[in-house]
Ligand SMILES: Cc1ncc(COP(=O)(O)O)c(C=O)c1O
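Consider the single chain below, provided in structure tokens and representing the form predicted alone.
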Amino acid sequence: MRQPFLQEEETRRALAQFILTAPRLSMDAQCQRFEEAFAQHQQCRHAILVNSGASANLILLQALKNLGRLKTGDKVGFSALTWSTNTMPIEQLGFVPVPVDCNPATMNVHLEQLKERLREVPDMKAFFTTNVLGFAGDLQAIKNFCHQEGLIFLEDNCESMGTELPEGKTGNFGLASTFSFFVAHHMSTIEGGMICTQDDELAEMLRIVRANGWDRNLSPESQKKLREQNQITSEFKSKYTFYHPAYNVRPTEITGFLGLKQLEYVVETYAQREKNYLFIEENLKNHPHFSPFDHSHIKVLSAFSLSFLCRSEELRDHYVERFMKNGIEVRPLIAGNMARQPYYKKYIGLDFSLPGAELMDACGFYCGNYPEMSEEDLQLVVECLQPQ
């Protein structure tokens, strides 16, 4: 594993100086500046900064529930190949999580898999896809289908920041999308997350849900409207009036400062991650032990990791052992098939056929992909992949 920050030494020195001179470290101007800069970078109307990618998923679903767009008991589809914090908030908020299988060629849900699940669960109300490890499915087709069927479409884009399809950036296809700035993601603020949306009403609710359910972070016009609707006439009481179920998932000024700093280098890191991935991919051509991934539909591949799909579980175990012996940290493809996790079996337990996710669970693994990887680092990965 490499350093968490781009331009590590410069970033640390700048952060130290900022902490010594900042007038306050709780959420303030740096956070707002980062939100504005990230919205411009992502080419969306609103960006709402929170303390983690997990919190981003949680408050996005809570905001939709507060607005009445999702209700207790609604069935919400999710990518079966995903991370726990994409699935857990669905169940925690009283919705019914429904796993949707992936296409092993791209690691992602495509329209075909979504249609198949919808035939089995025709009353599904939303689909929360995970754009996996820098890859993506046919997001434009999914977006069009969800619009046609009245499904709310959401994107967990925590692993695919910077990836572009011909129709646009991942994270811009759904009603809203979430991002993570945890260590080793495309950019790091130590902990941190973002929700992006074009929807004004949703963005306003997200700002309420982020901070206790009050209105302090809304515009004066929105505050006035909300207080009038609820007959709040006292300025004194208005600061401690709570309008909706909410959390405290506010970021700090350290998050905002680091976000602005890391954003300076992020386009460069997209390019380097893609270059690293394509180098490894070239060295895997016609390899008898690995199945290639398809990214022909992707314009820019901002690869989160160096991902591999072996042709058998035995081969996967063999190569995992070889990587580990050479000091290279390896992991399953995200959390594998989420429906096989103890949490899912105990608290959810819905049983569906998920052959794609099963294959990825049994035969897939990945190692880190970092912009500062050296030629020697990449060559070591290539050596570990050689058939013997």
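Don't overthink the numbering: it's just position in the shown sequence, from 1. A quick note: this is a predicted structure, and the numbers were derived from the prediction, not measured.
Form predicted together with the named molecule: not shown, discussed below.
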task = Determine which one of 168-176, 79-87, 291-299, 204-212 lies within 4.5 Å of the named molecule in the predicted bound form, judging by heavy atom distances; exactly one does.
result = 79-87
ask   = Given that the partner is absent here, does Lys143 sit within 4.5 Å of the named molecule in the predicted bound form, heavy atoms only?
value = no
query = Can Asn66 be called a contact residue for the named molecule in the predicted bound form at 4.5 Å between heavy atoms?
reply = no
query = Does the 4.5 Å heavy atom contact test between Ile328 and the named molecule in the predicted bound form come out positive?
reply = no
query = With a 4.5 Å heavy atom cut-off, would you call Gln42 a contact of the named molecule in the predicted bound form?
reply = no
request  = Could you tell me if all three of Thr11, Phe34 and Glu253 have a heavy atom no more than 4.5 Å from the named molecule in the predicted bound form?
outcome  = no
query = Quick one: of Tyr270, Tyr265, Tyr277, Phe182, which gets a non-hydrogen atom within 4.5 angstroms of the named molecule in the predicted bound form?
reply = Phe182
inquiry  = Only one of Met27, Ala54, Ala339, Leu359 gets a heavy atom within 4.5 Å of the named molecule in the predicted bound form. Which one?
reply    = Ala54
remark   = Of the residues spanning 156-184, the ones with some heavy atom within 4.5 Å of the named molecule in the predicted bound form are Asp156, Cys158, Glu159, Ser180, Phe182
